[in-house]
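The form predicted on its own is given below as one chain in structure tokens.
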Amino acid sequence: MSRWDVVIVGGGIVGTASALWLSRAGFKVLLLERWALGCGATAEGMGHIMAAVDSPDLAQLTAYSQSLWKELQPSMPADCEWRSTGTFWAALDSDEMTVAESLSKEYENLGLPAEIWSGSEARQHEPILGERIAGGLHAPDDAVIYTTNACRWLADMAVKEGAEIRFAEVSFVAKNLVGLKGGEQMTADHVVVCAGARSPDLIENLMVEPRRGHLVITDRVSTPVHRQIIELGYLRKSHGMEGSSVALNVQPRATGQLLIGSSREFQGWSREIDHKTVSEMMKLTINYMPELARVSAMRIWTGFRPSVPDGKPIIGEHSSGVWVNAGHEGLGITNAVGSASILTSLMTEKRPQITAKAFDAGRLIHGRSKG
């Protein structure tokens, strides 16, 4: 029976970042992934590294994570495709411009740059925006990466620090014990579940569930888009936990194509494309960018965000003695490195760089929220 300091279950970007940080802290780490690194939610999303300033707890975590990504960026290989695109939060009316003004103060409180653009200034920077745009908020520090390559790079870095990676399916976890399909077992001082929306398969009553989303990749567009463009209503829609929602989220790709989202709905693990939802996404996008009515969609797909009832990830020791780093919803790419740092601090009994109480695993156990 093999023994490790830490066994991590899940080889997405949260798992590989956790492997790197824990290895750097001196732990003997084994990472287990059943298929391929970064093949789940990591591969299915947009790769947006952003500050989510509308929620105080997430604002601190995303800003901290963003700072860690910037420290890593100079060492990244070119195939991670880091691009400092920034984000433009688009407003349609004066009420939304008031929201933009409020958010700009939150950026200022976090020490992050942001500026208000009028409608004409927004169209000067992003000519694809229509005349309906009243203005919005520009956050220049946000970036985009190619998620699967960034995940594999983090894994390579972890291996250089002494971690081992094995491809095997886990059948159960318990305190100090991991069992594989086929019967093999291994012991560890710590077991960490980073399996995203699949984490409840291993930890009973863990309040994480899959939240399906649709993405569309377009043909090349004639008018270049330079920034991630998101509607200001996205924050409210993405944090709401009832029913389905559609919000504008457009990302420029290095190929000249656009990646268009986004939708959120609870449909279990069904990967079926809901063409009504996709139609709503495209109508909304055209409302902000009329030129895209003439652009063809090249591919549509669905993916699953690991959703938690209170909208905040679970980072810490679960009541069973197993550690958890999961439930990042649509912020898993951003929060991968920040949550890995927090997890490592907690496991080494050091004070995390930011307050971690809001992400404590004990708040969501036994099938109910503790608030």
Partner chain sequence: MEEAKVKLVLNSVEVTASTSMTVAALLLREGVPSRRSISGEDRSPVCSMGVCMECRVWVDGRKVRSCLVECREGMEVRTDG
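Numbering follows the first chain given and starts at 1. Note that the structure is a prediction, hence the values are computed from the model and not measured.
Not pictured, yet referred to below: the form predicted in complex with the partner chain.
Though the partner is left out of this view, G256 does reach within 4.5 Å of the partner chain in the model of the complex, counting heavy atoms only.
Although the partner is absent here, S296 sits close enough that one of its heavy atoms falls within 4.5 Å of the partner chain in the model of the complex.
Proximity of D219 to the partner chain in the model of the complex falls within the 4.5 Å heavy atom cutoff. Partner contact region in the model of the complex: 297-305, out of 75-83, 137-145, 297-305, 259-267, criterion any non-hydrogen atom within 4.5 Å of the partner chain.
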